[in-house]
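Just one chain is shown here, as structure tokens, and it is the form predicted alone.
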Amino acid sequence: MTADTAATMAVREPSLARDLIALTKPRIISLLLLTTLAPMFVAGTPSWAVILWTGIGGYLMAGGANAVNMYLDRDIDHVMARTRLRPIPSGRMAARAVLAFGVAIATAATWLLGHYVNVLTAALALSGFYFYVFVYTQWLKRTTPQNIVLGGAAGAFPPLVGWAAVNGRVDLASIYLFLIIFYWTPPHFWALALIKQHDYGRAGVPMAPNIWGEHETIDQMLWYTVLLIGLTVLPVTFGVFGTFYLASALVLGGILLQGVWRIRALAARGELWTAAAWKVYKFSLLYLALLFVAMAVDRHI
């Protein structure tokens, strides 16, 4: 074995630090942070201190929610291929340690946001934590195929957090941003659920494709995408955003709609649609990121 190979293997070996970071799901949090920070620039011109503390607090709160989620899902994570290598099912970390870590960093986030930003920001972030942990993970996820629809509200809290960090209040414009993420969540997550439906079936999680079937799920994705596009355009009519945002929303929405329509067309013909669903899932992440960037740019050009 060469020195380079040994070094590469050493880097890939599990460690406590890497496992703690993995518990927070940093890839998911990166999008949550973007949908927190971009609305701050829509709401006004935040100071660097407010941006920093909101970002740190937001990461810790979301990371705490994700860690507690892994604790609560420990009984099914070992069944699913995409989750069986997580710290608990793989045996690298004890369940109670994961729970303690999640609660600890969420508590730290509440204090940081309340002390360095404002109490409303801390309260909204904590509300998102509780909604994700108790409403989505403990209740909706295992009881109804509407789990993603209703539970999507948990991921829609970041714009409210960012808005409150700048203005100290929640108003109609911030609620629009909340609703955009709320309606974005079903087509985004159902694209993944279509691909991973057998995993969810083994775990006993009633995701839409397992209960409604593939065709009904795809139809629901299409309708939610149409509603989403309409919702993204609506703030322009109220003067919240201008031409740059409108053009961005229409182009991005058109690409997303085209992708969902392609899944539907392939499924209707009985052709393989897995690759198309995977493309929609990946693009939906880029869609939301670019849409929120367009909001911030629009307000400052």
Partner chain sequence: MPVPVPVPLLFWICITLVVVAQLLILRSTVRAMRASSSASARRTIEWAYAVVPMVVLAVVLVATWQASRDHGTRQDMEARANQTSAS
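Keep in mind it's a predicted model, so treat the numbers as computed, not measured. Positions refer to the first chain, counted from 1.
Just so you know, the form predicted in complex with its partner chain exists too; it's not on screen, but the next bit is about it.
K.L.:
So in the predicted complex, are L140, T237 and L246 all sitting within 4.5 Å of its partner chain, heavy atoms only?
P.N.:
Every listed residue reaches its partner chain in the predicted complex, so yes.
K.L.:
Thinking of its partner chain in the predicted complex, which stretch from 162-170, 89-97, 119-127, 144-152 has heavy atoms inside 4.5 Å of it?
P.N.:
Answer to the contact question: 144-152.
K.L.:
Between the options L192, L72, I175, L112, which residue brings a heavy atom to within 4.5 Å of its partner chain in the predicted complex?
P.N.:
The residue in contact is I175.
K.L.:
So which of Y132, F157, Y183, F101 reaches within 4.5 angstroms of its partner chain in the predicted complex, heavy atom to heavy atom?
P.N.:
Going through each option in turn, the one that passes is Y183.
K.L.:
I'd like to know whether V50 contacts its partner chain in the predicted complex, with contact meaning heavy atoms within 4.5 angstroms.
P.N.:
Outside the cut-off, so no.
K.L.:
Is there a heavy atom of Q220 lying 4.5 Å or less from a heavy atom of its partner chain in the predicted complex?
P.N.:
Yes.
K.L.:
Answer with yes or no whether G204 is in contact with its partner chain in the predicted complex, where contact means some heavy atom within 4.5 Å.
P.N.:
Looking in the predicted complex, residue contacts with its partner chain do not include G204, since no heavy atom lies within 4.5 Å.
K.L.:
For I76, is any heavy atom within 4.5 Å of its partner chain in the predicted complex, or not?
P.N.:
I76: no, not in contact with its partner chain in the predicted complex.
K.L.:
If you look in the predicted complex, which residues in 183-218 sit within 4.5 Å of its partner chain (heavy atoms)?
P.N.:
Those in contact are Y183, W212, E216.
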